[in-house]
Structures are given as structure tokens and as C-alpha cells.
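Before any questions on binding or motion, here is one chain by itself as C-alpha cells, the form predicted alone.
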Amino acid sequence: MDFSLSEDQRMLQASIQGFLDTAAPLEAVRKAAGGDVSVPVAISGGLLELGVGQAVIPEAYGGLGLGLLEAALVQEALGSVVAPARFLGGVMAAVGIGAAGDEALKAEWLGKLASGDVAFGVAVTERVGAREGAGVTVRDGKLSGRSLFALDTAAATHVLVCDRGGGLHIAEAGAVRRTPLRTIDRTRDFAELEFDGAPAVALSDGDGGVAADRMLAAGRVLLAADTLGAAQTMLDKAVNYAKERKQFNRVIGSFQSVKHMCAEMAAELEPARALVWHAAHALDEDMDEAALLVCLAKAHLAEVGTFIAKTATEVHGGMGFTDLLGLHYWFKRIGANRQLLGGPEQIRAEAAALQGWQ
């Protein structure tokens, strides 16, 4: 049995990678991290023209009808160049809307999302664990409260919000007070959202958070895929540097210690690739073990990514800490991914609970 990617999947990822190599070079990433909003707008616009915004939306609603595995392949490519682009929030919103509400609501909002008439940010981090003073409540169709680390809200027309009970609601972005949050990862958009009686459309209510958890699982898989792409690039950069940098008239790649560092990174990363693919496939197929595999993928990639970020920087020596190489953009992206939607310790606890070990 062949467990590798199909030809269409490989072509999809190659086409996205080809676009990003041209549209998101390091200099563009540097500009975006410095606050140039035109860069993420241009890259996100190019991705929309390629149709990635329609990827996980069913064909019945105007989308491409692809799965989370294909979305993970796109996110891996985005992570490989630390692209400052909108994608994660849109996929999470499409998954959340698709898993909740009646058919009329799904047809309306997924159709608008597929046509590009709306753009979604997501505020779901409190489903993982709310900080003191954070959390959103709903009363009489209006939202109140605060949500931290909302994703992709800068250019959003609407926000998909998770309340404290796990219900999902759609609010217009213009009715929400937005404050940008500066994190170590300057390549992505994070914000604090304040809701003061903001009108909202309920997509799910009293379902125990099933739709919100499905959206959360999709986000975790994409973050694992993003880390996979970023870690692969850091490994590649370390190997290429080891082939060129000379000490004592020898390339450092000929030193046994450097060989071991590069080999260990490769050995840690390669099995992680199949884990991410399998977790995404399990979600697509609604397998019984899907939730567990998502936890394992997110937690394991957080640890592997951290190890590779650290080791690849060490291979570069002092140059690894300079802005000239820009290695820190990948390092910080991996660090942010580690904590977003749950750190590895918390997610391993969830995995233990799923297996009845707690």
C-alpha cells in the first residue's frame, strides 16, 4: 500500500512553494516584520488567486472540496518561508462553520467565504485555556468579554468567536475593538479583541463545543505543519552553511560533531512528517483516533521544532544570531507555534485523558 502523497498533492504543494519563493523572499519577510502591511496583503492576495482560500470548503458551497491534508501541505510551504500571509484563520473558520449550524447558515457563510466576499479572523484561544480576565459570554445574541491572541483579524471583515460554553458566533469585525498584540513572531497577525455587546450570529449553541473542538483540531494540525516547514528550512540552512563555512582550512561539515548535529536533526524531523500527514488524514476521514493523533502531532512537532531551531542556530555559530541571515524569523515562528492553541505539556495531558490515563 502506498502511503505517500498523490501526484496532485505534490503538484499543489510545488505550485504554492514556487509562488512563495518569488513572492515571499527574506527581504519581504523582513519588511512585513517591520510593519509594512502591504507585504502580507500582496502575498495573501496571490494565494487567494491560486485558490487556497477555497481549499477546505466543500464544492457544494463553491469551494475546491479538498481536505485538511491538502491544507496542511499549503501551511507547510508557508512555514518553510515564514510567509506573512493569511491562511490559518481562514481554514479554521471554514472548518468551524462547516461543523456547526444549520444548512442555511453554512450555505450562506461558506459561500461568501469561497467567493471572497468575507474574510474571517478567529478568536478561539480561550477554548484551550483562558487567562484571568479573558473569555467571551453571549446574552440575547450579543457578545461581551475579551479574547486574546485572535488570529488573522487585521484584514478580516468578520470574526468567528468561541464563547466560554464552546458555542461559535460570527461577529462583524467593525463591531469589535481590536488591539494588535506584539509577540516574538512578527510575521503573523495577533490581536486582543474586546466585545462590548457586539451583535453576533450563533452558529452553534449547547453542542458541548463539538464544532469549536473540530476547529481547534484543524488549527493544531496546521500549526504542526507550519513548524514542519519552518524546521525543514532551518535544517537545510544549517546543512548548506556547514558545507561552506571553513575553520582550520576545512569546511565545518567535515567535523564529526557538526555531522552528528545535522544527522540528529534530520533523524528527528523525517518521522514527524508522516505524523502530521496522518493526523490531517485522520481528521479528514473522521477516524476514532483523530483527536489523539492531532494532540500527538502538535505536541511532538513543538518539541522537534524547538530542538531543530536550537541546533540549527548552533551550527551557524555566532552568525546564527545575526539579522543578516534572518534565521531568527524561523526560530521565533517555531517558538510561537509551540504555544499557540496549547503548549506541548497541556496537549500531552489532553492525549493522556483521551486514552484514559488520567
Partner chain sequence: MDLRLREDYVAFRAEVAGFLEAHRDKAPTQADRGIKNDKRLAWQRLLIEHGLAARTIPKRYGGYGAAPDILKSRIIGEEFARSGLPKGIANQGVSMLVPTLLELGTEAQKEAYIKPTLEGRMIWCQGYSEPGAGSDLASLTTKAHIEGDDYVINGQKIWTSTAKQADMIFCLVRTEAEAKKHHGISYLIFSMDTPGIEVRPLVDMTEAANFNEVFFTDVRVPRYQIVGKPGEGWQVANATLTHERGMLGDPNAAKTRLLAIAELMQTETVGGARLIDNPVFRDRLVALQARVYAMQANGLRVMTSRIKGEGAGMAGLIVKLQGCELNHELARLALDAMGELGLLYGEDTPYLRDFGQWQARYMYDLGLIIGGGTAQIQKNIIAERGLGLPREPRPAAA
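The shown structure was predicted, so the numbers you read here are calculated from the model rather than taken from an experiment. Numbering follows the first chain given and starts at 1.
The protein also exists as the form predicted in complex with the partner chain; that form is not presented, and the subsequent description refers to it.
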* **Site test, Lys142, Leu181 and Arg186 vs the partner chain in the predicted bound form, non-hydrogen atom cutoff 4.5 Å** => no
* Structure fact -> Exactly one of Val201, Ala134, Met287, Ala175 comes within 4.5 Å of the partner chain in the predicted bound form through a heavy atom, and that residue is Met287
* Asked: So which of Ala191, Ala119, Cys262, Val138 reaches within 4.5 angstroms of the partner chain in the predicted bound form, heavy atom to heavy atom?
  -> Cys262
* Please name which of the stretches 74-82, 110-118, 275-283, 87-95 has residues with heavy atoms lying within 4.5 Å of the partner chain in the predicted bound form. => 275-283
* Contact label in the predicted bound form: Gln256 to the partner chain, heavy atom within 4.5 Å -> yes
* Would you please decide whether Arg348 lies within 4.5 angstroms of the partner chain in the predicted bound form, comparing each non-hydrogen atom pair? => yes
* To do: Answer for His328 alone: is it within 4.5 Å of the partner chain in the predicted bound form, judged on heavy atom distances?
  => no
* Asked: Can Pro271 be called a contact residue for the partner chain in the predicted bound form at 4.5 Å between heavy atoms?
  -> yes
* Heavy atoms within 4.5 Å of the partner chain in the predicted bound form is the criterion; list the residues of 324-358 that meet it. => Glu345, Arg348, Ala351, Ala352, Gln355, Gly356, Trp357, Gln358
